[in-house]
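Presented below, as structure tokens, is a lone chain in the form predicted alone.
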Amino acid sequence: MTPLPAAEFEEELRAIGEQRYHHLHPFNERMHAGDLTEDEFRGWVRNRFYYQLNLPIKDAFVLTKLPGSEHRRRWIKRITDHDGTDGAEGGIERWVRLGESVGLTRADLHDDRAVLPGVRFAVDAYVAFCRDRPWLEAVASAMTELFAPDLLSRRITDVREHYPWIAPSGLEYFRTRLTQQPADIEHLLELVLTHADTREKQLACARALEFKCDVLWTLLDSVQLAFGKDA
């Protein structure tokens, strides 16, 4: 099969996000409409933290397989963005502050006995995917980031409007990601559009992105089932 030109392949990937990214999930739609209870919001923050904790782990697996030192130098920033560095907090610590702003303690967040089974299954499957699959597919699975900036911007605005009980300092995670993601997205596109040089590789990348959309969707399914109004 002849590969699609890069521009058409990118359009194909973006179409997947438009149809399957978790901004369309009912729980997310209710969050942005201001319809979540405090228990629902806390349940989401607590369980999403398990995903946040595992991001640098999956990125470490990808790092070991990337083609060349230039890409490894650029990719390692993802790990320090979440884990932090000496004297600078990372995204995990900022998520702890979000948890504290909704009434959770640091101990609550780090007690993984509270992680819902569906959330654990989905996140662990994502880490295993990045560990076991070829690096190109692992990188492509992260391309949900293409669709994140708009959602993050909306989240900052809508949480401030609809959930005044959440301290503004708790939203720093989302503000920081807005400044970090442009470079990450640029690198993702460079890697995938350049190295998916056959139609077979392009299709594998598309399936990887669909898988990641399913991971995020399953996370919200689990939270909605456990904490939703009708739970």
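Numbers for residues come from their place in the sequence shown, where the first is 1. Note that the structure is a prediction, hence the values are computed from the model and not measured.
Form predicted together with a further copy of the same chain: not shown, discussed below.
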Contact test in the predicted bound form: T179 vs a further copy of the same chain, heavy atoms, 4.5 Å | no
Do G118 and a further copy of the same chain come within 4.5 Å of each other in the predicted bound form, heavy atoms counted?
-> no
Given that the partner is absent here, does F174 sit within 4.5 Å of a further copy of the same chain in the predicted bound form, heavy atoms only?
-> no
Would you check, heavy atoms only and a 4.5 Å threshold, whether P56 touches a further copy of the same chain in the predicted bound form?
-> yes
Counting only non-hydrogen atoms, which stretch in 22-30, 192-200, 63-71, 158-166 is within 4.5 Å of a further copy of the same chain in the predicted bound form?
-> 63-71
Do heavy atoms from each of D83, D86 and I92 fall within 4.5 Å of a further copy of the same chain in the predicted bound form?
-> yes
Position in contact with a further copy of the same chain when the complex is considered in the predicted bound form, options L146, I76, L151, V102, heavy atoms within 4.5 Å = I76
